[in-house]
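A lone chain, given as structure tokens: the form predicted alone.
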């Protein structure tokens, strides 16, 4: 199976049809990621197939939970995950990618430019900083992918969520345990809207996805 077939089949298992144009964008992203990774530490995963599964397919695994045309904030986006892959398959989203490492922000904006994506930008700053130029209370979806403890992540994410918005936490196989610990700490501050336990396509990698609404 070619890399392109690998991507298309994996996405199909997630219920996503990837067009020829979208496939080309993913592979431009892959090449740019590898080029920049030689200069700065963006990912420890070097194998193309593993990048497709652990980064690309993992990122778009939440696509069915997100309505197109909405505003999205990706906190701790790093090398652009999940924000950039999500933008490729949900072109109508308006996205802000936030990260505290300036070089990673430079990489994301370089990738956005090379992929010619619209209504998406990467911003340098920390979620807890009041002067990071990211508007509070403005986003329909706030995403985090394996960033910090669950309790801390919820505290940092909540101020950015709009009145009817939600937080989507993307965690690894210990996500259920993390949630059980976090719920003791955060009490009745959030409502669990959806809990998804899944295995990434073409792999045995376990993922836990939680959709939470701040109260």
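As the structure is a prediction and not an experimental result, all values here were calculated from the model. Residue numbers count along the first chain shown, from 1.
Although it is not shown, the form predicted in complex with ligand SAM is what the next lines describe.
Visitor: Could you confirm whether residue 81 comes within 4.5 Å of ligand SAM in the model of the complex, counting heavy atoms only?
Guide: Yes, residue 81 is a contact residue.
Visitor: When the contact criterion is heavy atoms within 4.5 Å, does residue 126 count as touching ligand SAM in the model of the complex?
Guide: Contact with ligand SAM, yes.
Visitor: Spell out, yes or no, whether the shortest heavy atom distance between residue 156 and ligand SAM in the model of the complex is within 4.5 Å.
Guide: So residue 156 counts as contacting ligand SAM.
Visitor: Give a yes or no for residue 95: in the model of the complex, does one of its heavy atoms lie within 4.5 Å of a heavy atom belonging to ligand SAM?
Guide: Looking in the model of the complex, residue contacts with ligand SAM do not include residue 95, since no heavy atom lies within 4.5 Å.
Visitor: Which is the contacting stretch out of 134-142, 114-122, 101-109, 84-92, given heavy atoms within 4.5 Å of ligand SAM in the model of the complex?
Guide: Looking at the other structure, the answer is 101-109.
Visitor: Have a look at 65, 30, 40, 146 for me and say which one sits with a heavy atom within 4.5 Å of ligand SAM in the model of the complex.
Guide: For this set of options, the contacting one is 146.
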